[in-house]
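This document starts with one chain, in the form predicted on its own, laid out as C-alpha cells.
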C-alpha cells in the first residue's frame, strides 16, 4: 500500500503516539484487504461507546489513546452510550456503571470527538454529502449513509473508526470503490404487509425477510430491491437497521428512492420476497402476549422529531401502565423540549432515555418481554437480554404502554 509523506510521518510516530497507533491499525487493515492507498474521510461515526460492551479493557485502551495525545482531525461523532448521561438515575442505571460510562465519554471528549451519543448521526449534525468518503461504525448508520445518502463507507469497528478520526484517513477498499457498489442480485418484493399496512414495523419485517435470503447466498451481493414504491426517512432508517442486522447488508439500491439505483440495471439473478416470507418474519418477532409485555421502547434507531411529535399526540391526556422508554439523541430531545412534546410525554409517565437505547443499556434481568416497532431491537432483545418480543406498528406500540382503562 502506497502511503503519502503525511501518512508515513504518522506511521513513524512523528505526530504522536496515539496517531502512530491509529495509523498502524489502518495500515494493517489496508494490507489485509489489499488497499492500494489511503483516502481522506469527511467524517467518522464511532461505535464501542457503552461501558456494557467496552468493559475495563476497552476503557483502558481509550484512555491510553487520549493520554497519547490523540485528537480528531475530522468531524467525529459517537454511537449511543449505555445510559442517559444526564438522567441515568431515573432509568434505574447502577451508580457504579454510571461512573465508568462517564469515564468513557470523557475519554472520547478529550480526543475532540463530539459526544452526540446517537445511532442516527445524520439527524444530529453529522450529515455527509453524496459521494463523500466516510469511516462510520454502527450497522444501521453505515447502511443509511451508503444507501440513502450515497456516501461511501465500510462497516468499521470501534478501533478502526477512532483510528480514522485521529488520522483523517481510511484504506481505499470495499464500498469506497465503484466496483463493489454494483448490485449482484435483484430482490422482488411481492408481499405487502399485514392488511397492506406499511410503516416502520413493516420495514423492520421486510429487512429481516430479505436479510435471511441474503444470508443464505454463497456471497453477500448488494441487493437491488424492486416493489417498494415509496419510503419515508423513518421507514428507511428502520429498514437499514433491520437488513443490516439480519443480512449484514451495508448497501442496497431501490429504484426511485436511493440515489445510485438509476446507475444500474437489475441483475439477472432474482430472489422473491412473498407475503409468506413477511408473515414468517413477523411471526418470528412476536412470541410474547400483551399480558407478558412489561417493557415498551421506541427509538431503535433513534427517533426523529416527527416520531416524537406523534408519540406526544398519542399520549396527550393518557397515563402509561408499563415501563416506556423514548430513545433519541440529545439534539432532537432539545427540539422536543422547545416544542412542548417532552412535557406531554413525561406527564403520561413515559421516560426519555437520551444518549442510549434498549440495545446497549445494561437491562438484562430487569424485564421479561419487549414491545417495539424495531426489527433490530427484537433481535438484540433476545440475543443480548433473553427477552420475548412483540413487533407492532408504531401507534400500536404506544397503545401497548397505555393503561387499559383509558
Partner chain sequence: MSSNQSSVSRDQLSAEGQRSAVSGQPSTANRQHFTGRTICPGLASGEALITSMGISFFGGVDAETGMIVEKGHELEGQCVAGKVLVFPTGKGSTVGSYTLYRLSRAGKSPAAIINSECETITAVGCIISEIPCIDQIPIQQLSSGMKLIVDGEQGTVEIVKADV
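The structure presented is a predicted model; accordingly, all values stated were derived computationally and were not measured. Positions refer to the first chain, counted from 1.
Below, we refer to the form predicted together with its partner chain, which is not included among the displayed structures.
Heavy atom contact within 4.5 Å of its partner chain in the predicted bound form, the stretch among 344 to 352, 366 to 374, 37 to 45, 58 to 66: Looking at the partner contacts, the answer comes out as 58 to 66.
Touches its partner chain in the predicted bound form: residue 386 (any heavy atom, 4.5 Å): Result no; residue 386 lies far from its partner chain in the predicted bound form.
Heavy atom of residue 21 within 4.5 Å of its partner chain in the predicted bound form: Residue-level check for residue 21: yes, a contact with its partner chain.
Residue contact check: residue 358 to its partner chain in the predicted bound form, 4.5 Å heavy atom: No, no contact at 4.5 Å.
Non-hydrogen atom contact residue 247 with its partner chain in the predicted bound form at 4.5 angstroms: Close contact is absent here: in the predicted bound form, residue 247 is far from its partner chain, nothing within 4.5 Å, heavy atoms only.
Non-hydrogen atom within 4.5 angstroms of its partner chain in the predicted bound form for each of 17, 33 and 54: All three within 4.5 Å in the predicted bound form.
Residues in 139 to 173 close to its partner chain in the predicted bound form, defined by a heavy atom within 4.5 Å, in order: Heavy-atom contacts to its partner chain in the predicted bound form: only 159.
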